[in-house]
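The chain below stands alone and is given in structure tokens; this is the form predicted on its own.
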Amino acid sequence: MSHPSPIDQQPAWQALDAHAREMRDVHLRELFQDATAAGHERYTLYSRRAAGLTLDLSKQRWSDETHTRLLALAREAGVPEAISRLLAGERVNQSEDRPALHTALRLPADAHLEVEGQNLVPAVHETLDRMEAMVDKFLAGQWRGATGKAISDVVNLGVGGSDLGPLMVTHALADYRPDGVHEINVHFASTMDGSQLADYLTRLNPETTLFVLSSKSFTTIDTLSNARTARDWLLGRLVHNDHEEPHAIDRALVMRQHFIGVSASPGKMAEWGIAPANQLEFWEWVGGRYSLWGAIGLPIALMVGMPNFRALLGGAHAMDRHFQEAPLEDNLPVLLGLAGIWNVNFLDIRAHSILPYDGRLEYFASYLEQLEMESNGKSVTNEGEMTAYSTCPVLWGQLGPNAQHAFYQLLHQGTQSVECDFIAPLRRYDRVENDDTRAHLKAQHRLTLANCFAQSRLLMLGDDAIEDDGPRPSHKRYRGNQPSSTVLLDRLTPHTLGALIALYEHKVFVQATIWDINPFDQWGVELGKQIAGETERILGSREGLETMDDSSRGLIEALWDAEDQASKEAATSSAGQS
């Protein structure tokens, strides 16, 4: 549903704009002092729990009035109705005229979701069951390559959501490998220059390596370039030996035993050579960056087993239910989204840093960069009008303990404000068997949490966090007043990780609803692919250079000069050897 008039012209936005002028010079330390004077604790007022997560928003630069007015904005923008439409399968992706049903991928088998006359749940679980049969076969050591050896290495070939989601989750849940099974090592190659894949091909055994080709359209040039290289490598190594004598192995056997495809285009998979039995379904109503919950998550399931993969889905579904059922004032995704709206649109904070304090979440910031900036990096409303207000901030991040020694200097004493999200599990290392080792690791975890809590406190209070009787020179001053949110997981488990990811997915949707933009398309990405294809044709044919701008012509000519020089050097070397 679109807004009847631009959201920034509606009463709730206008009231917030006026309120923001009153709040611009209010420091977070004052907000905490005022709460204490009134007999309140800001943590109690602005923290909420759901699905194994605790969200603390007390360090946001807002007051009770701000909070109330933001909730009014959410209602005026139709957030409750938008949540219902999303989860009911209505066509919320307006530019592509289809629903966005990633939440359907984590519905339990006994649920019922009818969309345009069809219950989607049986097909979702049929794919999950097919995944489970594949995973069980791998983990039993029964999926064998063309020479009869059990597959031990699986390389996922994908890009964007087909890479970042599975990569992030397999790293985060590495502790949850099942015991007593045939171990599968999962690798990821996404770069179109082939550097990641080339490294794997020098180390892996073709007899025991399988490739998963993950592409919604099965036309993505990055993925197909890597796939062709992988196919040539396997066929060259397995169909012929060093003496060019044919093995009793044919091309069809290699393709059948060493490739699995995940796509919404079964015809293109078959045309490429993926056997029908090795194809997993990916629906058009699931966007790539929202796709790890289904067949795109095969690498995750291969790493952690299907019971843990289903627990991941269960955690996400628990957050879906909370998103659907909790009132706005207690709704974690809504509140997190409103904090971002307040910072971007009313406090003019355009930068957002994601700071996990757990090494297993190393790739979480990269995952959120795509989720948020590809979804909400838009400047046109659903009505096709240019927005008169800012939308998605610039996201970046790194593991917090490492970032403290990298860019925290800017956070504490730089010239611009940055909103920060601190993310950490409360408990860790419970499963370590050795008592002494467990004690040492728990002490390290406590030290990590001490840093996490201290950094958010210092960003909030500045110099007031430091007990120091003497005056401080200006270059040692900390202004504080930097807003932050903290998300605490009870433990980092498949369930809580699922809930955490779903929390941010829904936060993105809340913000898109208020900004009146479509978070489920990515036309800017599509245009980039088109222009890259045209440029590649010019590079290869050396025709059409006159159609390019002056800068592009110069860059292309520099490449051609380098190629010509390389050819001359190769010819000279060859002549010298002869």
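Residues carry their position along the shown sequence, with the first being 1. Note that the coordinates shown come from a computational prediction; the quantities given were computed from them, not determined experimentally.
Not pictured, yet referred to below: the form predicted in complex with a small molecule.
Of the heavy atoms in V159, some are within 4.5 Å of the small molecule in the model of the complex. A residue is said to contact a partner when one of its heavy atoms sits within 4.5 Å of a partner heavy atom; Q257 fails this definition for the small molecule in the model of the complex, lying far away. The closest heavy atom approach of Q370 to the small molecule in the model of the complex falls within 4.5 Å. Under a 4.5 angstroms non-hydrogen atom cutoff, the small molecule in the model of the complex has K529 among its neighbouring residues.
Although the partner is absent from the chain shown here, S215, T220 and G288 each have a heavy atom within 4.5 Å of the small molecule in the model of the complex. Considering the small molecule in the model of the complex, the lone stretch of 518-526, 24-32, 548-556, 51-59 in range is 518-526 [heavy atom distance within 4.5 Å]. With the partner omitted here, the residue from E207, D358, E374, D421 that has a non-hydrogen atom within 4.5 angstroms of the small molecule in the model of the complex is E374.
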